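A single chain, nothing else alongside it, follows as structure tokens in the form predicted on its own.
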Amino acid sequence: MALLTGATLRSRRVGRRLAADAGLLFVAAAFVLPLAWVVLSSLDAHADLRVRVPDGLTLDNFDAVLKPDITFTPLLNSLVLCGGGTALTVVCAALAAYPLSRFRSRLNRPFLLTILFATCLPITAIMVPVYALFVRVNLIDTVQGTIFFFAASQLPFAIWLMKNFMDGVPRELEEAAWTDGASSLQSLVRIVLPLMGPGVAVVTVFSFVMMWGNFFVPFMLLLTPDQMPASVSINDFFGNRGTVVYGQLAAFSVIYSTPVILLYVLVARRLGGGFALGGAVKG
């Protein structure tokens, strides 16, 4: 009887493990198949919606899209918009998170909850009043206006993340700097931010990726075609009456994804680094 029970339990464990593995394989396939289609279709002269190995590899799709008006100008616009928005977001988030992390107040918790609520607002719900405001203050169809809105839309979650990372830096290190005559801003720049490098990297990557893939905001706030980023210009590959040049679309997608991949590779060491504060505070 005991042997039968043990065998039943083992079979159940094996069944659960197989079910879990099958579920993970299904999820992995859901992510891998679209990526495989993009890579294979970019090298296929007769690409369609099927995921298949091309009969012959070709770079004609890349030659067709590597033009200033198709790729280079939109990518440059995207780098200016997303780079400027990310830099503004990181700076403002650090300045806002510092007092929330270092000073105790009754308003800290309500403010953080308000920030958390702001991250839940859909961007489409606020675009109409934002558009009307931008028209009134002459920021519509301007790069700086779009950068400001990009930063404002990412700032709530960036502050939340930055504050949590900043809480992990011991205050004793700042107090030692204050003893040597450093101001709060100097201790933030020279002590806190270098020690929370992984946190700054996370906020930077997250903000940049969210801005890089944003179609709706620049589509609404920018009117001049020469100022459109790549996230909007990719829509040009979808022609009239449902015709799509799949090979060129896939090639453009590969090029469009490259800056985000490079950014992640550059900060990958910081993302896995940790704070390395061991031995910094004694006693």
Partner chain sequence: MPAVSSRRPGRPRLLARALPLAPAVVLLLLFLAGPIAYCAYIAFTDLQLTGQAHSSFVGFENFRAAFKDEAFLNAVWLTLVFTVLSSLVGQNTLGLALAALMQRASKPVRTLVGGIVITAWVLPEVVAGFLLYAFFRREGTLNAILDWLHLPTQNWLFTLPILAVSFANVWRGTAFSMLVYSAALNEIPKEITEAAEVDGAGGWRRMWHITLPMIRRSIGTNLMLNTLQTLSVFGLIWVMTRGGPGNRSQTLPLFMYEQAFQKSMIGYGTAVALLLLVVGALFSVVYMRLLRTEV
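Numbering follows the first chain given and starts at 1. Please read all numbers here as calculations on a predicted model, not as lab measurements. In this text, the rigid core denotes the largest set of C-alpha atoms whose superposition between the two forms falls within 1.5 Å.
One more form of this protein, predicted together with its partner chain, exists but is not displayed; see below.
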Just one of L222, I70, V38, V245 has a heavy atom within 4.5 angstroms of its partner chain in the predicted complex, so which one? V38
Single option in L173, V189, V80, I126 placed near its partner chain in the predicted complex, where near means a heavy atom within 4.5 Å: I126
Test of understanding: in the predicted complex, would L49 fall inside 4.5 Å of its partner chain by heavy atoms? yes
4.5 Å heavy atom contact, Q227 and its partner chain in the predicted complex: no
Give a yes/no on whether L76 approaches its partner chain to within 4.5 Å in the predicted complex, heavy atoms considered. no
Just to confirm, L266 within 4.5 Å of its partner chain in the predicted complex by heavy atoms? no
Quick one: name the residues from 143-166 with any non-hydrogen atom within 4.5 angstroms of its partner chain in the predicted complex. F148, F149, A151, A152, S153, L155, P156, I159, W160
Could you tell me whether the Cα atom of S105 shifts by at least 2 Å between this form and the one not shown after core superposition? yes
